[in-house]
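Take a look at this single chain, the form predicted on its own, given in structure tokens.
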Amino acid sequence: MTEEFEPKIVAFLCKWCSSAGSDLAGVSRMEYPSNVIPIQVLCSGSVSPLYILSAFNKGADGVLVSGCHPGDCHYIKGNYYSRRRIALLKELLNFIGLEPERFKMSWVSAAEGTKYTEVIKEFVDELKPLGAQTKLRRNG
């Protein structure tokens, strides 16, 4: 009997919106996969591409960055900076041989617990056919 692959996802969640949306999903007892390791950040704009590459290097099968909806950032333009940086990161991932589908960005507000669960379910479903990520993992 073979066990189905369950991807490990590292999620960088904006403190003001996405992390609060995650909390709402939890306190509302909404069901979603437990594949996510959440990391709260002050703003999606503060997530360095090095953090994302480090997560992959340490064994993540997928990385999610989630922040406030464009135009609603607590820090005014942080999510715009994040969106720009992420577009370049996807090109870099492809260049180093890592499927760009292993990275996802979403906009989830504090009141969108349901949307947060949908983003997680969708990302898990997208990662399962890709299998375990091995390109950036350290040997030993």
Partner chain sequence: MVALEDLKQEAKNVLEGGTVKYIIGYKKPAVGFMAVPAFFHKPEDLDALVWDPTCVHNLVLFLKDEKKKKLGQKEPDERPVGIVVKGCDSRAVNVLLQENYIDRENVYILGVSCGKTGMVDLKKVRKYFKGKIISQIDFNENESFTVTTTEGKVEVPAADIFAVRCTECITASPVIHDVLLGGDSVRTPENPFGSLEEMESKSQGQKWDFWQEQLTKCIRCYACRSICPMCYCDECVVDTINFAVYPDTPAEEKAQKIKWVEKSPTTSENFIYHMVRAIHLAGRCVDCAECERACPMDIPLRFLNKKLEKESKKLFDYDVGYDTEIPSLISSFRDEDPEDFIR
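Residue numbers count along the first chain shown, from 1. Note that the structure is predicted; figures quoted are calculated from it, not measured.
Just so you know, the form predicted in complex with the partner chain exists too; it's not on screen, but the next bit is about it.
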(request) Give a yes/no on whether E122 approaches the partner chain to within 4.5 Å in the predicted complex, heavy atoms considered. (result) yes
(request) Between 40-70 and the partner chain in the predicted complex, list the residues on our side with a heavy atom within 4.5 Å. (result) P49, L50, Y51, L53, S54, N57, K58, P70
